[in-house]
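Below sits a lone chain in C-alpha cells, taken as the form predicted on its own.
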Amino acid sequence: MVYEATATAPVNIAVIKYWGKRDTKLILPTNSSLSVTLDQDHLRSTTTSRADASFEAGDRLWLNGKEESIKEGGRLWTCIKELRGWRAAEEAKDAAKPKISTFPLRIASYNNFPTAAGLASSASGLAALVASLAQLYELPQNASDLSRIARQGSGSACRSLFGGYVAWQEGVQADGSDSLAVEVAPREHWPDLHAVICVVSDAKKGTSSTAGMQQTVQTSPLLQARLKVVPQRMADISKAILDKDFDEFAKITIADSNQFHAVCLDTQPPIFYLNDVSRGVIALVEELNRAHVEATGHLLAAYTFDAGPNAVIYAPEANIPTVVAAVNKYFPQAEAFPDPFKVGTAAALPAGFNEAVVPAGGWPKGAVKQLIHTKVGDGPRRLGPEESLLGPDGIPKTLA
C-alpha cells in the first residue's frame, strides 16, 4: 500500500496587509488581514507527501529540488508535528486505521514562480504542505482548522487554504485558537477581478518579511496609528467585495499598500521594499485612474505591493487591456507578454492621460522583467498519483 498525496495551493496577495506579530512563536498577527487568492493555473505550489515504514528514520523535504533542513522547533517541523499528532489521534479512535503517523515522511515541493521575491512563495508552499499532509493523513478538519496549522509555518499561508476572498482574523486568545482564516466570498461571487503582476525583480529581497516586521513592531510609532484604522478597513473592504464595488475596493487597497510601506519607512533603520521602478508603476496607475475618473467617474485599477518591489495591479476584467497596454508601452518587458487571456497590448489609454508621469521614452527595456496576468482563483486542489513529485525511492523525480 502506498500512502501518498499530492496537492497544489495558490498564491494570495493581501489587500489589507499583515505586518507585525504579537507572538512570534505562534505567528499571531498584530492586525487582521484580507487577501485575494490568485488562479493556480498561473501561480501555485505543488507538494507531494509520502509516508512509508521502509524509509530511513527522520523526515526529509525538498523545495524546488534542494533539500531543506527540518529543524526541531522550526516552522516546518511544527506544521508536520501538529498534523502528525492529529493523525495519531484519529488512529487512537479507530484501531482499523493504519498507523501511518509513525512512518517517516518524504516531502517534495515545487513553486512555478520565483521564490523569496515578494510573490508570497512561503504562503503557497506552506499551504500546499498542509493540504498535502491533511490529505495523506485523511484528516477530518476543515480549512479554517487547517489554517491554524499553516499559520504557524507562515502567517499568510493560512489564507492560501481558501479560494476567492479570504480574511485572516487576528484573534485575541493567547494560544492562537481564534487566529485563523475564513472565507469572505468565494471566487464565484466576484470572478470579474483580474490581476496583472509586474515582476520588477526576481532576486531575493534584502530584508526578509520575518525580520522586517519585527523591526517595525519594535521601532515604528506609525504602526500604532495603523493598527487603529485596520479594523474599519477590514469591514469596509469586506463590504466592497460583497457589493462587488470596485471603486471602494480600489481606494482601500491603494491606501493600505501605501500606509504599509510608510510604516516600513518609519522603521528604524528604514526598510525599503519599493524601488524606482515600483514608484514608476504607482505613478502610472495613479495617472490612469485620474484620467479614467475624469472620463467615466470610476477608478480603472488598484495597485498593491507586498514586502518586495513587484507590483500587483487589480482591475475588473474589462479594464485589463488598458492596464496591460499602459504597462507594456512604458515598461517594455525583457520577456514577451504571454497574454493568456488574449487581451492584446494595444488598447487605447484614457483620454487626457498625461504622459509626463513617465520618463521621456518610457523606462528601459527589462525594468519590468515580465507581466503575469491572472485572476481570482480557487483553493487547494487534490492531484492524482500520476502528478506525484516523488520517485519510487522517495527522492524527488527531478533528482533521479
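Start at 1 with the first residue shown and count on from there. If you're wondering where the values come from, they're calculated on a predicted model, not measured in any experiment.
In what follows, reference is made to the form predicted together with a further copy of the same chain, a form of this protein that is not presented.
- A heavy atom within 4.5 Å of a further copy of the same chain in the predicted bound form is found for one listed residue only; from Pro98, Pro270, Gly74, Pro191, this is Pro270.
- Interface residue among Leu139, Ala291, Val217, Leu274 relative to a further copy of the same chain in the predicted bound form, by the heavy atom within 4.5 Å criterion: Leu274.
- In the predicted bound form, no heavy atom of Arg151 sits within 4.5 Å of a further copy of the same chain.
- Shown alone here, Tyr314 lies farther than 4.5 Å from a further copy of the same chain in the predicted bound form, counting heavy atoms only.
- a further copy of the same chain in the predicted bound form comes within 4.5 Å of a heavy atom belonging to Ile254.
- Although the partner is absent here, Arg87 lies well away from a further copy of the same chain in the predicted bound form, with no heavy atom inside 4.5 Å.
- Contact with a further copy of the same chain, judged by heavy atoms within 4.5 Å in the predicted bound form, is confined among 174 to 182, 158 to 166, 255 to 263, 315 to 323 to 255 to 263.
- With respect to a further copy of the same chain in the predicted bound form, the three residues Lys21, Asp23 and Ile70 uniformly fall beyond 4.5 angstroms at the level of their nearest heavy atom.
- Contact annotation for 299 to 315: a single residue, Tyr303, has a non-hydrogen atom within 4.5 angstroms of a further copy of the same chain in the predicted bound form.
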